[in-house]
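Just one chain follows, in the form predicted on its own, and it is written as structure tokens.
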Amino acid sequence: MISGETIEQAGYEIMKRAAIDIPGDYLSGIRDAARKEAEPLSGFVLKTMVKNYETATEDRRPMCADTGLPRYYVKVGDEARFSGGFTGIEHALRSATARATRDVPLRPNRVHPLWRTEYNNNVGINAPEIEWSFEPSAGWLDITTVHKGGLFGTDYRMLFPGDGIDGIRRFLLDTLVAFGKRGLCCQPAIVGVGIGGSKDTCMQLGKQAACLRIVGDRNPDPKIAELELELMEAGNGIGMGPMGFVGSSMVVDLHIEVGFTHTGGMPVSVHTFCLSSRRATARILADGRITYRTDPQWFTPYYRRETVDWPMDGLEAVS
């Protein structure tokens, strides 16, 4: 039986790790961008970013002064047993958030939208957000935290089937140009594109694609994987680099996730993760042991299942 105390410990630890330590896949992506960047000013910014990440880890301080809006993604194995039920998990993660805000420290960014009430702990009505997913034949809990900025870097458009891939490409490039010119995102970034679903699920898919897949990961659908690479190249061809300077390093990677949608539409959302790409995952095993990693492994074959039933072959719990 996994205890509430263990869940809180795991949540607290990943809050610290996400705020301070840059994920290795993203750091490699930034170093690669720095090697390829031909514009001196953009190259200087990229190299300075790397130094900042290294200093944050060495000094054990947050890598960015704005520590974003902490949120959680929880994947529950069918065989997992934990005390307190699902509300117990929520209580543990809210407590972990408050403790981490005080100790790391995280900037207390959460306020009531109208009255600006705050408790200086990043906890409030519907905050931090917790999204749930499930996994067959697993006895563990996976808890991922993402610290993403909550102001800009997101857009949505309802396209139509006739717009096709060209329409998606046009919307993406329009969005990235607008973001770069108006300072509405922290690039270079991992870009997530959600295609399909209803408007709310389209937005969720785009954010999850940006925040819960690592640099270099490709969609298992080979045509979508090809489109990811094509759109990433297009995004880096608009002439913008870090912080909107002239360059060729707007996009570190681009991920696409899809959902079945209404026959008459093709909704699309675009999300840019922060240039800090803050994420960390804890797996709590049935015996209470905790392991940590930076790859959320959120998009399992089960998560991407297509119809009422699904083949169990190949759906073994992610190890």
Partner chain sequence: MLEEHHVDLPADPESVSRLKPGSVVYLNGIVYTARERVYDFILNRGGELPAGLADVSNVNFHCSPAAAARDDGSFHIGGVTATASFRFSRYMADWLDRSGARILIGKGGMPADDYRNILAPRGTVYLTTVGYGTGALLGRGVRGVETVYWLREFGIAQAMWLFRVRDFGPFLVDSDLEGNSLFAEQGELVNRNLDRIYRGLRKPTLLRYGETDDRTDELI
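Keep in mind that what you see is a predicted model, and the values were worked out from it rather than measured. Numbering follows the first chain given and starts at 1.
From this point on, the text means the form predicted together with the partner chain, which you will not see here.
Here the chain stands by itself, but in the predicted complex one stretch of 88-96, 213-221, 163-171, 73-81, 163-171, has heavy atoms within 4.5 Å of the partner chain. This chain lacks the partner; the member of A280, L275, V252, I284 within 4.5 angstroms of the partner chain in the predicted complex by a non-hydrogen atom is L275. A heavy atom within 4.5 Å of the partner chain in the predicted complex is found for one listed residue only; from N52, S28, T291, T261, this is N52.
At a distance of at most 4.5 angstroms from the partner chain in the predicted complex, all three residues D59, A65 and I238 contribute at least one non-hydrogen atom. Although the partner is absent here, C186 lies within 4.5 Å of the partner chain in the predicted complex, judged by heavy atoms. Contact between L159 and the partner chain in the predicted complex is found at the 4.5 Å heavy atom cutoff. In the predicted complex, L106 approaches the partner chain with a heavy atom inside 4.5 Å. By the criterion of a heavy atom within 4.5 Å, L69 is excluded from the residues contacting the partner chain in the predicted complex.
Along 194-220, no residue reaches a heavy atom to within 4.5 Å of the partner chain in the predicted complex.
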